[in-house]
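Listed next as structure tokens is one chain, alone, in the form predicted alone.
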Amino acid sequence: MGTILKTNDLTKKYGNKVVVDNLNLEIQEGEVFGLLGPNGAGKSTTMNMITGIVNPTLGNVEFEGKDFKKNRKSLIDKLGYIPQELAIHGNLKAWENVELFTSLYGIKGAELKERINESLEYVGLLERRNDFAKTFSGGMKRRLNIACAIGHHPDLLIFDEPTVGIDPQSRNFILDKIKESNKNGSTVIYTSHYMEEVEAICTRIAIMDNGKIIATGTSEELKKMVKDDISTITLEEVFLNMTGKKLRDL
């Protein structure tokens, strides 16, 4: 299992404000990598730089061993991005939303129709394919958001806080689908400020605060960094120990 994505001293500044500070991450092929941190930690800015939406002030991103910015045209179809903000159109039907995004990757004709149905079925919306997105509940919109990002069969899926503001049932559905996607061969990057989500689905976790990575490891490794003699310590306590903050209060 090799490295699928690597960031090298990735930095983003807006004026004098450093939002992401010399970030060095390595994502291994086949893992579910969690980026855990409070709002304002720099998680979304990091994801935007990884996907090329935002240019870094310093540093670069390597995808499958190649500079992503220099090789974006040949690499972009291997990446699927589910942003924190919904990227769907309310006045389009569910299938039209998936068609719009999937066709951007050059998929057309019978294959496009097959990918649309496949994606909608995967997120449990096939029976609602002819309904307008604006009629969907918050959880259904989140699921449609995912369908729009997976139609081109990407190798790497990036989920930027996909469960914010939705009901528990929809949240569990999305988490189950992420685990299923991973079992089917997709590498996943998952950002969140929900401890229980990251601990439930991620094989490895990085704790981020004030634009910096404080620690990286499995859930058990992170807990061991704090106290070797307490086996019942929670990830919440790890975060509090390392940052001095209670994540749930942020």
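What you are looking at is a predicted structure, and each value in this text was computed from that prediction instead of being measured. Note that residue numbering begins at 1 and tracks the sequence as displayed.
Beyond what is shown, the protein has a form predicted together with a small molecule; the following relates to that form.
For the chain shown here without its partner, which stretch in 194-202, 214-222, 59-67, 32-40 has non-hydrogen atoms within 4.5 angstroms of the small molecule in the predicted complex?
-> Contact criterion met by 32-40 only.
Report whether the minimum heavy atom distance between residue 51 and the small molecule in the predicted complex is within 4.5 Å.
-> Result no; residue 51 lies far from the small molecule in the predicted complex.
Using heavy atoms and a 4.5 Å limit, would one call residue 71 a contact residue for the small molecule in the predicted complex?
-> Flag for residue 71 set to no.
Contact label in the predicted complex: residue 99 to the small molecule, heavy atom within 4.5 Å = Residue 99: no contact with the small molecule in the predicted complex.
Any of the heavy atoms of residue 103 lying within 4.5 Å of the small molecule in the predicted complex?
-> No, residue 103 is distant from the partner.
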